[in-house]
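The chain below stands alone and is given as C-alpha cells, in the form predicted alone.
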C-alpha cells in the first residue's frame, strides 16, 4: 500500500448534496459524471469543499475525438480543477457512426484497436494538459475476435501513453463471473501495478441479463474484501471512489460506504 495520502470519495449525486457537504472530512473527493445543473444551489460549495474529478463521457478512444468534445472536456476540467480525467475502455458507437451500441461495451483487443486508443488518448491528454485514467469494462458475452489478452492490451496502452489504470472492482468481479474464473485469478492478469484509482461498487441481479450487473447499490463485504486484495497490489493508487451515480441512491448510502471502505482498506 502506498505511503502517501490517498483520497477516498464518491460520485456527486446532486439530490444528496446536503448530506455530502455534511460529510466533508469523511469524503475527500467527488467524481463528476455529469456537468452541474445551472440551478444547483449546492455546487459552488461542493466545488470549494472537495477535490473534483472529471469522470464524464468525453468520447470513445477508439476514434478521433472531435473538436467540440475536446473543448467541452477542457471547460469541465477547468471548472472542476480536476487533477486528472477519466474515460472508459469502451466502444459506444460503431466505426461508421450509424449505431450506438452501449456505453459499457468494451472494444475488441486487437493491435489496430490498441494503436487507435494510444493515438487518441495522447491527443486528449495533450489537449487537456492533464493525466488520463482509463477504466476497464466487463463483457457480458464472449467475442472470439481478440488478438491480445485484455491485460496485455491494457498494460501496453498504459505503458505507451503514460496514462493510469482506473480499476473498477465490480467490473472485475463481473468479468470473472462471466468468464467462470476466480475473481483474484482474473485480477492478477491485470496491470495492478499501474493503477492510479480504484472504484468500489455493488452489483445486483437483472432479469433481462439473467445474471448480475453493476448497480447503484452499496458494495457487499465480499466486494470490499476483493477491493482490499487488489488495493494491496496497487503501489501507485491515488484515490478510491464509491462508484454509484443515481437518483435511486438513498440518504446514508454514500457516507456509510465511504466509511466502510476506509475501514476495510485501513485508510481511517
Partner chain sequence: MNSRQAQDVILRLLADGPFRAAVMADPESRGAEVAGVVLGLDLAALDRFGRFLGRHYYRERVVHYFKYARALSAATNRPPEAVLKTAEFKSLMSRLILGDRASATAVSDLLRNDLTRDAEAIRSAIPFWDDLVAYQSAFFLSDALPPSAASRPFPARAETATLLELQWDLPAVLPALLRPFDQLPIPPRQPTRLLFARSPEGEVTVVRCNDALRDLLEGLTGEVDPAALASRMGLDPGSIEKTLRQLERLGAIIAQGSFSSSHVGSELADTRSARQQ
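Given the structure is predicted, the values throughout are model-derived calculations rather than measurements. Residue numbers count along the first chain shown, from 1.
Keep in mind that the form predicted in complex with the partner chain is not shown, yet the notes after this line are about it.
Taking non-hydrogen atoms only, residue 229 never approaches the partner chain to within 4.5 angstroms in the model of the complex. In the model of the complex, the partner chain sits within 4.5 Å of a heavy atom belonging to residue 110. Contact check for residue 37: a heavy atom falls within 4.5 Å of the partner chain in the model of the complex. In the model of the complex, at least one heavy atom of residue 93 sits within 4.5 Å of the partner chain.
A heavy atom within 4.5 Å of the partner chain in the model of the complex is found for one listed residue only; from 62, 26, 70, 223, this is 62.
Taking 100, 75, 160, 126 one by one, only a single residue has any non-hydrogen atom within 4.5 Å of the partner chain in the model of the complex, and it is 100.
Screening 80-88, 184-192, 143-151, 166-174 for residues having heavy atoms within 4.5 Å of the partner chain in the model of the complex returns a single hit, 143-151.
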